[in-house]
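Presented below, as structure tokens, is a lone chain in the form predicted on its own.
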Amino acid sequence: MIQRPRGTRDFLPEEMFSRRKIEEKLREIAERWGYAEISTPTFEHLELFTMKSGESIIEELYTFKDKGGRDITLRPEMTAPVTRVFLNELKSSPRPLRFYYFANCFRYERPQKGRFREFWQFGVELIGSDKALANAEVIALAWEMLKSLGIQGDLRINDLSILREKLGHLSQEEQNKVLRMIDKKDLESVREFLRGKMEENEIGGLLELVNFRGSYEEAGEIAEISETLRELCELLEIYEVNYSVDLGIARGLDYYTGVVFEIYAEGLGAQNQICGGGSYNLARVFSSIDAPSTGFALGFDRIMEICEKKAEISKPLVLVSTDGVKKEAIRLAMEIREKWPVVIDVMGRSLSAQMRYANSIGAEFVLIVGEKELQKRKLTLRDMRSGEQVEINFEELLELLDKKREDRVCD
């Protein structure tokens, strides 16, 4: 028997129904905030990702040569592809541009709880501004999305300029290396790397910063807080977003330029980060165009693990019919599907076998259609939960299904 590839998953109907409902909720919120959906190819030229992250990232990617000999990779994230679209198609458009996306991404890494080789992200990119107003908007949007799903997040914010100022005498490449270590919380490696490049008291001061987490006021007591971070904190208060300043948030990706943030959630074990983002200027990496931007990505699979608002798939009405009225049953099913999901027998089963099938799939209602019912211009509706059975006409059936639909919406 052929198994699915390691690090991937199959989603059965019940789970897919719930995933789609939650996806719809996130889309609705993004569009209310003025963001429009964007979609990019599942695979891109490898250069799109090595230009910003270096050749070392290739080990983490699904790469291959196409039949033309070109180096191609399955997308590992969406920020670079969205920036490419901006540069290819929209660089002359009025700014800022507000996009959202829902996409599957791929990374070749060891599968573990909360980490898969194929995973889904829901994210937004605001292209054209990395000011405090822009950062506050995308952070508040991420917060609103999680809040709408009943997820209480632990939001932590930082401004990388604070750490970069402490590392100011190092080269850009050395700074990026230190920030990647900080992102991984590998502080011993930070100390070892900086030994000989900084005084011991300077290293100690840097590590004190990295270990700080608290209020904006407390952060100001141990570090010179940037004007951007000060303004951001004020704006988040207006948005009624709960946050803390964590000077150890570094994100680990070279293209982040200023404000960065992460949101953590309970119930996910070690892999509890559910959102990450910040300000960047990838357009300058790929071109000479200056387009400061900001955005975030939500880990959709992690959301699904802890989301309280799982949707229950609607059970279809099963239309049971005798052999003599199969054509009439098809016409009837087509009309009822305007109001409710309907399935009919396609196996040539007997009436009793059709009833057993309806019971086995958990059908809420069974509609029985036979010659006797058609002669009386009535339909027999059986509630499979209560066992109650009534004769009704077609108009009464539609009214009943309308009421059932309204009750489900209210629930």
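Just so we're clear, the structure is a prediction, and the values are computed from it rather than from any experiment. Basically, rigid core = biggest C-alpha set you can superpose within 1.5 Å across the two forms. Each residue number is its position in the shown sequence, starting from 1.
If you look for the form predicted together with the RNA, you will not find it shown, but the lines that follow are about it.
- For the chain shown alone, I29 is not a contact residue for the RNA in the model of the complex, no non-hydrogen atom being within 4.5 angstroms.
- Residue contact check for G269: one or more of its heavy atoms lie within 4.5 Å of the RNA in the model of the complex.
- For the chain shown alone, E109 is a contact residue for the RNA in the model of the complex, at least one non-hydrogen atom being within 4.5 angstroms.
- When contacts are judged by a 4.5 Å heavy atom cut-off, T322 counts as touching the RNA in the model of the complex.
- If you check the RNA in the model of the complex, you find a heavy atom from every one of R349, N359 and E373 within 4.5 Å.
- The single contact residue among P96, P76, P292, G153, judged by any heavy atom lying within 4.5 Å of the RNA in the model of the complex, is P76.
- A heavy atom within 4.5 Å of the RNA in the model of the complex is found for exactly one of R230, R191, K184, K147: K184.
- In plain terms, the part of the chain that comes close to the RNA in the model of the complex, with a heavy atom within 4.5 Å, is 255-263 out of 154-162, 255-263, 231-239, 88-96.
- Superposition on the rigid core between this form and the one not shown places the CA atom of V390 2 Å or more away from its counterpart.
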